[in-house]
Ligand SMILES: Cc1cc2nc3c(=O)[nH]c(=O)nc-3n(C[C@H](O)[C@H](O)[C@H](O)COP(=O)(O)OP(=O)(O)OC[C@H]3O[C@@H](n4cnc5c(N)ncnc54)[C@H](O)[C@@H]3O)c2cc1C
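Take a look at this single chain in structure tokens; it is the form predicted alone.
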């Protein structure tokens, strides 16, 4: 998994499955459910930390052409879950469509951004979501309107489902204005975040009324390290992995940060990054197709 995540860390996955379409994905999910094999979906790999012991299950990547289609119809746009969010948001913003300028600097696929409701101080992905097409563990496919998905801060009612495409509403605006806004937000991210280093984006969710990075900074934790993993000097809510870092280093450092912030401010930080741990389940009987 070192080649598939932004941290460049993690052991091996038991299976890697890249379905060519929804039908093949549905077939896989039926099979894994029957055999009791766990499934994880990997998008851009930017919000994931895989254990050094790997993941004893199926990792699904939706990178086939069927999951990378973009169908524009006026201010509505159907976007495949495998589409790279930031280039897509840049293209839409540069063409004068509004709503995705706030996605500048957020590494994710459209599917991942939907599931975790990606965003920040400038807005959230759910602001433009109208419907989400999903496949469930029993292999059924359906479109779900956004108002039943209970989008909130870094959450949605999409756990246990695999997003295959999303319908967005992107009204027309002033191309110069939307372009400038996208570039402005992007420049701010480049200036304040360790984008060029191996990390997973923000490690912790912001607790109510506070910024996690500010709490970590006030606790004097910038530069704190375990092994070759360290709290970023540029933004305290980022942990960066050096060349010899392990996933265990990062997990241990997360614990150090949480304990210090809890002791200093009586605030429990909730981890935002998705930590994949090994699991022992059944074997998968693959099929020919």
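Positions refer to the first chain, counted from 1. Every value quoted in this text rests on a predicted model; they were computed, and no experiment measured them.
Just so you know, the form predicted in complex with this ligand exists too; it's not on screen, but the next bit is about it.
**Q** Any idea which of 211-219, 139-147, 171-179, 105-113 reaches within 4.5 Å of this ligand in the predicted complex, heavy atoms considered?
**A** Looking at the other structure, the answer is 105-113.
**Q** May I ask you to choose, among 193, 72, 98, 126, the residue with a heavy atom within 4.5 Å of this ligand in the predicted complex?
**A** Partner contact (heavy atom, 4.5 Å) among the options: 193.
**Q** In the predicted complex, which of the listed residues (254, 58, 44, 245) lies with a heavy atom within 4.5 Å of this ligand?
**A** The residue from 254, 58, 44, 245 that makes the contact is 44.
**Q** Is residue 130 close enough to this ligand in the predicted complex to count, meaning some heavy atom within 4.5 Å?
**A** Although this ligand is absent here, residue 130 would stay clear of it in the predicted complex, with no heavy atoms inside 4.5 Å.
**Q** Using a 4.5 angstroms cut-off on non-hydrogen atoms, would residue 186 count as touching this ligand in the predicted complex?
**A** Residue 186: no, not in contact with this ligand in the predicted complex.
**Q** Hey, in the predicted complex, is residue 272 touching this ligand, heavy atoms inside 4.5 Å?
**A** Yes, residue 272 is a contact residue.
**Q** Classify residue 48 as contacting or not contacting this ligand in the predicted complex by the rule of any non-hydrogen atom within 4.5 angstroms, answering yes or no.
**A** So residue 48 counts as contacting this ligand.
**Q** Out of 57-96, which residues reach within 4.5 Å of this ligand in the predicted complex, heavy atoms considered?
**A** Read in sequence order, the residues that approach this ligand (within 4.5 Å, in the predicted complex) are 62, 81.
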